[in-house]
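Quick heads-up: it's one chain on its own, the form predicted alone, in structure tokens.
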């Protein structure tokens, strides 16, 4: 399974970015290979509308089935993620990506519906 994290950096020790649509990076952990892959998402910072949909598109391109974030996606992005079957979990703000993965794995994060 591939789990995506909204992140402020490109390594597992980076802090989580509490935002979804304007997250600086998407960091995807592939549980099968044990490898991380990242996507630079900073280009959406200057976008007036549709940043979250662009971020969701990048998430899909990376093949993630799960999203772990801080506050959760807004209305449009939430709809897109739900329709695509990506399970979203919130409450990981202030954690590192590694810690957020552990929290998700142990069921300590809230499912975003």
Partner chain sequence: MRVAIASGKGGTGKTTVSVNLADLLAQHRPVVLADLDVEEPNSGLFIQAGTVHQEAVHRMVPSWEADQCTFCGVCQEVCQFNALIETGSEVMVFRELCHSCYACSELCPVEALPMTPMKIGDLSHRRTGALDLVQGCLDIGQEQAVPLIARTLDYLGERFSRDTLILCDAPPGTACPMIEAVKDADFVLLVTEPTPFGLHDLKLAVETVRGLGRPCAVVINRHGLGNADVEAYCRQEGIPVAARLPHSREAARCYARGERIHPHVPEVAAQLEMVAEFIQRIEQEGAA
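Residue numbers count along the first chain shown, from 1. Quick caveat, the model's predicted, so the values are computed rather than measured.
One more form of this protein should be noted, the form predicted in complex with the partner chain, which is absent from this view; the next part is about it.
For the three marked residues, 49, 56 and 76, a heavy atom of each sits within 4.5 Å of the partner chain in the predicted complex. Contact between residue 80 and the partner chain in the predicted complex is found at the 4.5 Å heavy atom cutoff. Taking non-hydrogen atoms only, residue 84 approaches the partner chain to within 4.5 angstroms in the predicted complex.
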